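Take a look at this single chain in structure tokens; it is the form predicted alone.
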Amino acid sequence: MQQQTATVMEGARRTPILDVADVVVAGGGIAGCAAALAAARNGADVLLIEKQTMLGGLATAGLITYYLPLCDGEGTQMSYGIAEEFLHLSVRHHPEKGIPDCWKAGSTGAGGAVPVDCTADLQAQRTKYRYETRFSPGYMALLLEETLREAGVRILYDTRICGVHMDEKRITHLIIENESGRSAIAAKAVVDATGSAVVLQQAGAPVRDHGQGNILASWYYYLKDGRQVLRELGAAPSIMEEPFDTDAQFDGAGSSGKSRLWYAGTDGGSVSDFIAATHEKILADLRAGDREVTILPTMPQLRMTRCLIGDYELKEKESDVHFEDAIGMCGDWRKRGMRYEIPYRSLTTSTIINAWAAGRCISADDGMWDISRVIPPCAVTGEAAGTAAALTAKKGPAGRAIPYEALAAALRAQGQRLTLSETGR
């Protein structure tokens, strides 16, 4: 799409304030759901704003139905709290694959927390089988909504955030548009879980686009022998059950000698082009296999688009590094033996004192971005951001963010483990 440089003048307008909340969470993917749930459980009045018509983001509307590992691949659990709670939630009804038995054994609580000390045989089994599962996207979306509503979270669907109002270094209002028109939401604290740092960018925080961009990817379900089967087209070959030559068959690269197609996903034109191209590929794939399609994704499967340049950039090389301000941990879904503490500073920016990043838009280098964009770390960072936002809105000193020590105490009280030493490593 050609970039437009001409402009039109819009007249001044009075924008009505539609609602007021202690914490506004922007984005209802896994990170946003975790943030909203944590904030509500910490006593905040929470409003979650979601542009789709269901919760779960790429995991549900995008049909990426892999609940990737909560462990390091060597038998040690890394992600706890809401990340583990959501895993158990995802398999409550008709999962596509259950939790490995070795990760069920020895659970000490409703969330399935695995004790540090376990038998050698159990440890060997947990090394062989990672703590992961596959889930039904429809059930997961509905169960997430039920869980949030039971916690008191209010949800505003089919709504886009198109601007912010600032008072020095504080976001005071978010400007939204939906079927009611254009209005404002007053907020004491904000969590940006949009996946592309939409709110933080509009508030003037430093952000960056992903250096590489996204290749074409669009998974869909089709009917085979009376059951639904997930067809995985592109983007994540390391977790595919069927071999798939992404280069040659999907994005025009490889043996044909054509250039690989990359999509930024940070402007309307590239998002629309991406969606249209994936629809074309899905249709061709359906025709080639004579398949009956049952479910199409309802959001583009753009994995990495834009993220915060925060107070600290977490790096892929920082496996086994301890951070004094850790808010949780994750493993690497792509390979075994990697263990990461996630610093609080990767969720924050000194340019805004009442906003946090969560999920796919935390501050990370490109390698760590690929690690931290999946469900477990999204839930971990969402829980931390939502807890920090709630405590700041309710107890923050003079409107400033609460100190890390208060956040760490709250997270531990919620069942989160923050550092590698807490796993017995």
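In this text, residue numbers run from 1 along the sequence as written. Quick caveat, the model's predicted, so the values are computed rather than measured.
What comes next is about the form predicted together with a small molecule, which is not displayed.
**Student:** Given that the partner is absent here, state which listed stretch (296-304, 147-155, 93-101, 319-327) has heavy atoms within 4.5 Å of the small molecule in the predicted bound form.
**Tutor:** Going through the listed ranges, the match is 296-304.
**Student:** If you check in the predicted bound form, is T194 within 4.5 Å of the small molecule, heavy atoms only?
**Tutor:** Contact check for T194: yes, within 4.5 Å of the small molecule in the predicted bound form.
**Student:** Report whether the minimum heavy atom distance between R41 and the small molecule in the predicted bound form is within 4.5 Å.
**Tutor:** R41 lies outside the contact set for the small molecule.
**Student:** Even though the small molecule is not shown here, does I30 get within 4.5 Å of it in the predicted bound form, heavy atoms only?
**Tutor:** Yes, contact at 4.5 Å.
**Student:** With the partner left out here, check for me: in the predicted bound form, does some heavy atom of R334 sit within 4.5 Å of the small molecule?
**Tutor:** Flag for R334 set to no.
**Student:** Would you mind picking the one in A264, I282, A217, I352 that has a heavy atom within 4.5 Å of the small molecule in the predicted bound form?
**Tutor:** The residue in contact is A217.
**Student:** Of the residues V207, I161, A141, A203, which one places a heavy atom within 4.5 Å of the small molecule in the predicted bound form?
**Tutor:** Answer to the contact question: I161.
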